[in-house]
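So this first bit is one chain, no partners, the form predicted on its own, shown in structure tokens.
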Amino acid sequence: MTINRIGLIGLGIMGKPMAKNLLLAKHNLGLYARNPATLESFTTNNIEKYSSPAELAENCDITITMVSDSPDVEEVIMGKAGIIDGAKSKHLVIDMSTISPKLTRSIAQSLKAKNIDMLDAPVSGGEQGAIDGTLSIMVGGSVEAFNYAYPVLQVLGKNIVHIGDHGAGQVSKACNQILAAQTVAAVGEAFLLAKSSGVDPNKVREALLGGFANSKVLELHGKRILEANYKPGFKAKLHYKDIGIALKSAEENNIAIPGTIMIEKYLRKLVEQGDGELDSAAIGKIVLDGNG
């Protein structure tokens, strides 16, 4: 099937650079934003701006959603004048937000009843990955929908993996968020041990970068922690939300993930003390300050 126009809903830290990359790839783009001011910087000829998700979906072949949380996704897809009200048969919704796997499956089922397909395709890589078009994209849904969407996803990311059926992408993202958050905490603990022992944590990090403990988190967030630079690439309040999704999924599956419970405590502390807008690397700050 030909893709004549791609719709995008959500022009925040992630959505805005994603839109720009789609334009650079010469795609015609339809945009809708709940805050119209975010549309002002988009003025090129191959953009159409719409007044509702339904109107956007009616005029696009694919609609990408990149919004904050499960209720936001439910609203733009299933709510009044939502995507489901405007999308034609064979339309494809690609939800790149991070939301509940259970809700994803429910929405996919409702869309299927109207012959609308869906992929859950949450991402990892933060704002810089969105800017560079190097996001890791974890995809749930049918193989046919994945193959159709793949050229579009290639514009936005480099590591694109079809995980399984609806909801599998969101489960994979929950796993990602668990690993990322716990590794930040581990880096913070390592630096705390170094400092308390009178050893320079900068030198410790330098040494560990060349060994088995090396990771992107140690490289990038370790530097952030040492510099106390928590300018947001991925906000702590969003990581807190994502860890909540992971814990809820674990509860639904009747399993225990105690390390994630600890991380939820750290992130909750950040949010409660007014630091939810900081980058989630500030988990390390909580560890170093002994406020966990």
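Sequential numbering from 1, following the sequence displayed. Please read all numbers here as calculations on a predicted model, not as lab measurements.
The next section is about a form of this same protein that is not shown, the form predicted in complex with another copy of the chain.
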| property | result |
| --- | --- |
| Stretch in contact, per heavy atom within 4.5 angstroms of another copy of the chain in the predicted complex, of 90 to 98, 176 to 184, 148 to 156, 68 to 76 | 176 to 184 |
| Triple contact flag 6, 16 and 36 to another copy of the chain in the predicted complex, non-hydrogen atom at 4.5 angstroms | no |
| Option touching another copy of the chain, based on a heavy atom within 4.5 Å in the predicted complex, out of 45, 41, 253, 51 | 253 |
| Partner contact for residue 216 in the predicted complex: another copy of the chain, 4.5 angstroms, heavy atom | yes |
| Contact test in the predicted complex: residue 171 vs another copy of the chain, heavy atoms, 4.5 Å | yes |
| is_contact(residue 220, another copy of the chain) in the predicted complex, heavy atom dist at most 4.5 Å | yes |
| 4.5 angstroms heavy atom contact with another copy of the chain in the predicted complex for residue 246 | yes |
| Another copy of the chain in the predicted complex - contacting residues of 117 to 151, heavy atom within 4.5 Å | 124, 136, 138 |
